[in-house]
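Presented as structure tokens, the chain that follows is alone, the form predicted alone.
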């Protein structure tokens, strides 16, 4: 590969001539406000180190590292990070010798064109390995091309989980994996409770965006665990969800992940957050979602959830 500085690599435009019908109007602008604010955070190595050392970033780094126990393999080959934002994860993944190419994608131009190059510079990303992409996770022009898809707090911004996961499934090689660290909510949450939360003003919105917004304006979704699982199964993935909570088993460890034992009967295992920086007061996503595209390409079960079943009129 050419030894070209990360900031001079050409940007792929997956949205050229296309419109993402699933994007929420104004959400990209709000993300852009966040990304402009992070330019100062990543102005030097000290700022970047402080960001990565925070409780939330520590959790997310560890979640991605630990996902290798679930996959039963290390990161290698080609990787696509969706909703990458700063691109810090792509930058770190590029330093792995066995990784050949990392596609670092986001639907915010500020992130792709301005923030990502700065982050790659201060984190010493390997030149020539990272391909920045201006694009949506709802329209990925790849088929059987990447070994792993990575999502760091991105899937919960999807307006249609089934569409997003189906696009990721298509992009993966047979046997490939999707790993995601995401917030999620209990299945006991009612629609009324979640709807009310969407309509509330975000108390941190002025600091983040420079104006008052509601939780729903940023395309944040309070997806329940069952919704993540249903969408993933419908997209034909094999699904391995791990929930981390203080009420979980204190015996959780790396072996627990490698055994992929995520449920007993109909009750999902809740694991103690053993890799949180501060388990007593953790700042982390509660869901580690690991999905595999079956080697045979997967079977469409024609469940109603996928919308891909046979016409009922012809049955």
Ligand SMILES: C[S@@+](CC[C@H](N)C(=O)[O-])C[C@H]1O[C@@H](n2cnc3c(N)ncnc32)[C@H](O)[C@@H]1O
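Numbering follows the first chain given and starts at 1. Fair warning: this is a prediction, and the values are worked out from it, not measured in the lab.
The next section is about a form of this same protein that is not shown, the form predicted in complex with the named molecule.
Look at 185 to 193, 134 to 142, 167 to 175, 71 to 79: in the model of the complex, residues with non-hydrogen atoms within 4.5 angstroms of the named molecule sit in 134 to 142. Proximity of residue 157 to the named molecule in the model of the complex: non-hydrogen atoms within 4.5 Å are present. In the model of the complex, the named molecule sits within 4.5 Å of a heavy atom belonging to residue 153. In the model of the complex, the named molecule sits within 4.5 Å of a heavy atom belonging to residue 107. Contact annotation for residue 67: none of its heavy atoms lies within 4.5 Å of the named molecule in the model of the complex. Checking 84, 102, 119, 149 for any heavy atom within 4.5 Å of the named molecule in the model of the complex turns up a single hit: 84.
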